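Presented below, as structure tokens, is a lone chain in the form predicted on its own.
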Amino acid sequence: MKFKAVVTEDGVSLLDRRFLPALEKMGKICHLFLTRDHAFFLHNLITTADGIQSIAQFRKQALFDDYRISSQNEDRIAFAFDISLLLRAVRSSVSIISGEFGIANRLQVKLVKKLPPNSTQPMPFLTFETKGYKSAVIQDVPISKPLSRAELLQLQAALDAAQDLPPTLVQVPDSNRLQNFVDRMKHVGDLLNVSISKYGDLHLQISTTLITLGAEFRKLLVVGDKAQAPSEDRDLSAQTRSGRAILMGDAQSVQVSVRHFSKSLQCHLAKPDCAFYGIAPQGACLTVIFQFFIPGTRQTDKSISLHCRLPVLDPGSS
């Protein structure tokens, strides 16, 4: 199997300043899944770890020039790596390039096998080669053995399943209010109740024997299944409205970890323009989809995407 490409200036910026810092917050170990047309950074799709699933997808043109890939598995290659080591290699390459000529120099990345020091067995590496005016620097990021055909099929099936959208999504354009609320909740308890209605309401609540803390975001933009809120709900409390919507089948509620919810907010390091929240059918998971616009427009940039799936501790009610 072979993989070789040149990371573009935009690709370096996306990885160095936005996506790798965000993905590093999701977990230490990540899978890179390379196909003929896309690169995916994946967390917890085929592991048993009880953590957030995160899926970052890039069209190859968003990151690379001169993209070449071949394998016996339909030109698909996947492997696991330590994301902090990859981030360090990219940042080091950036400093080397910009220190000489500016970022217009080439940063080449390729899959290689090398014999590490004090070892008799060749090991796989993702190698970054930076060629400056006065020097060339090679940095090796150790990776796992590339996935077998059966493991690739398992990864592809998990990726396909993770692409399913909840029937109702509500848009939260301002993440700061969410972040402020979660920062307060961390000191109250570990479990967060999340309900989402077809009326465009996102309701968050954390309860202990001593205290109940809640926040409500109302009349949000709804994508998918939507409904008109009953007029008699106007004078009711947030908790009562949420309960009524659930009983009428117009809302779903799940319970997730405060730690997981807080961690998902770290995806804002990737600088999305807004986020959508939704609950999968039967309360299977809480999904957060981050939307990116083409710079200077309100049009969705379809070359990049990022979303998370938070495991549910209690499916709640729907």
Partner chain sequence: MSSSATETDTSDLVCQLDNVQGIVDALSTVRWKRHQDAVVELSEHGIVLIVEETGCLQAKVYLQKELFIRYEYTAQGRPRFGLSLGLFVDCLNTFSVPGHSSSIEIQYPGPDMQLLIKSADSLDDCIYAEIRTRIPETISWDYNFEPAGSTPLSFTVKSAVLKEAIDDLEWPGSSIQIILKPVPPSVTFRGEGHGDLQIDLMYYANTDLLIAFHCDHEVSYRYKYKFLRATTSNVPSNVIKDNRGSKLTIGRGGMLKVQHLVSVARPSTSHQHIDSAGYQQPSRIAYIEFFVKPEEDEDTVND
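What you see is a predicted model, and the numbers here were worked out from it, not measured in a lab. Residue numbers count along the first chain shown, from 1.
Absent from the display: the form predicted together with its partner chain. The rest refers to it.
Check Gln239 for me: does it contact its partner chain in the predicted bound form (non-hydrogen atoms, 4.5 angstroms)?
Yes, Gln239 sits close enough to its partner chain in the predicted bound form that at least one of its heavy atoms falls within 4.5 Å.
Is Arg218 near its partner chain? Define near as a heavy atom within 4.5 Å, in the predicted bound form.
Output for Arg218 is yes: heavy atoms within 4.5 Å of its partner chain.
Can you check whether Val141 is within 4.5 Å of its partner chain in the predicted bound form, heavy atom basis?
No.
Within 4.5 Å, heavy atoms only: does Phe79 come near its partner chain in the predicted bound form?
Contact with its partner chain, no.
Just one of Asn180, Ser148, Gln163, Ser95 has a heavy atom within 4.5 Å of its partner chain in the predicted bound form. Which one?
For this set of options, the contacting one is Asn180.
Heavy atom within 4.5 Å of its partner chain in the predicted bound form: which of Val109, Ala245, Met185, Leu86?
None of the other options qualify; the answer is Met185.
Report the stretch among 122-130, 164-172, 230-238, 87-95 that approaches its partner chain in the predicted bound form to within 4.5 Å, counting heavy atoms only.
Only one stretch qualifies here: 230-238.
Can you tell me which residues in 206-232 come within 4.5 angstroms of its partner chain in the predicted bound form, by heavy atoms?
Those in contact are Thr209, Leu210, Ile211, Thr212, Leu213, Gly214, Ala215, Glu216, Phe217, Arg218, Lys219.
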